[in-house]
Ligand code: 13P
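Next up: a single chain in structure tokens, the form predicted on its own.
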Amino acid sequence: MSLPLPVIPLPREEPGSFSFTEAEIEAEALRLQEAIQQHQRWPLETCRGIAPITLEINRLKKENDVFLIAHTYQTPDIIYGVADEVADSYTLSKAARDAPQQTILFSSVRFMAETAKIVSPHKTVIHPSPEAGCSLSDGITAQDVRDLRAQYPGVPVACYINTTAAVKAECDVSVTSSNYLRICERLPGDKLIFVPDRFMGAHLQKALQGKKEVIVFDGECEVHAVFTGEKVRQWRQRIGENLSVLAHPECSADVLEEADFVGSSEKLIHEAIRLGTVGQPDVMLITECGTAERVMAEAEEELNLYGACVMCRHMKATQLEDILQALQAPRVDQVIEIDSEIIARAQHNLDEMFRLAE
């Protein structure tokens, strides 16, 4: 599979810093290389370099009863080296809620770690990279939602899960890329306010045309905004009619119109793998490049992945060493704390998401 992908993060720790035997390190390196399935980009020597760190993280997780969850957009060494569960936002929010462990380490961006704290306020939630934000969650405030409510009194407000706890507390329900259409269809009335993603909002406007008026906030994901319909058409001309285009709903309308399949990160992965099993190996993934890396690792059939890879700088902010440090001695800013009143109001928002999505 040929695809431009981000530079592999090199370990900052020396292997000698840990007390593992050469045999243990070699076995872990072989496990990592086999799991990642990118032998050119992740050669055995690179895997040997990170093996002591993954071994130490996994030892500390077990010793301290920590549940480590990672979003699909994290790097392969985190996903296949140390994560206990990997998925998209909706699945991970349920995983955080249902995990028996009382400490959650969330390798992701800040709003996701906040979401874990909202659904499990009694648990300790650690976020290794407090600086890892999100253009969507950073682009809207609680006051913005209050202003919209004042402008459209009585109209339900749905927010994409890519929002802060304070914003969720002002909204009626959260949605994710796997359930936004189903939930918004089920909200009462013939009007709906959707924040903050204008691209997903435009998709809702089209899908609900004649059923609901959708009022949309003007925010966007800086990663998915890069893709255009013209670029997709150019790739179709190069590759031919057999190219299957799979797009995330955070993309613009002109991209979604060109797509053969639209879905969440998890659904894109499953569809790409399915296409390989039915003899349709030419696939273009319109989303963050971590999705392509998971497809390469998990597909049993050979796939030809086309298109430019766009990396989320926030999702790639976390490295193994950050996770290790947060497990060893978390700083105050790495432990998620949210005002109890905001938690209570945001909990109602997320409870509605779980109720309406299932």
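Numbers follow the displayed sequence, beginning with 1. Computed from a prediction, not measured in an experiment: that's the story for all the values here.
In what follows, reference is made to the form predicted together with the ligand, a form of this protein that is not presented.
For the candidate set Phe111, Tyr180, Phe106, Phe227, a heavy atom within 4.5 Å of the ligand in the predicted complex is found for exactly one residue, namely Phe111.
By the 4.5 Å heavy atom rule, the three marked residues Gln37, Thr46 and Asp77 all fail to count as contacting the ligand in the predicted complex.
Residue contact check for His127: none of its heavy atoms lie within 4.5 Å of the ligand in the predicted complex.
Residue contact with the ligand in the predicted complex: His248 places a heavy atom within 4.5 Å of it. Within 4.5 Å of some heavy atom of the ligand in the predicted complex lies at least one heavy atom of Tyr160. When the ligand is considered in the predicted complex, Ser93 lies well away from it, no heavy atom lying within 4.5 Å. Residues with any non-hydrogen atom within 4.5 angstroms of the ligand in the predicted complex fall in just one of 207-215, 94-102, 140-148, 263-271: 263-271. Contacts of stretch 318-354 with the ligand in the predicted complex, defined by any heavy atom lying within 4.5 Å, are made by none of its residues.
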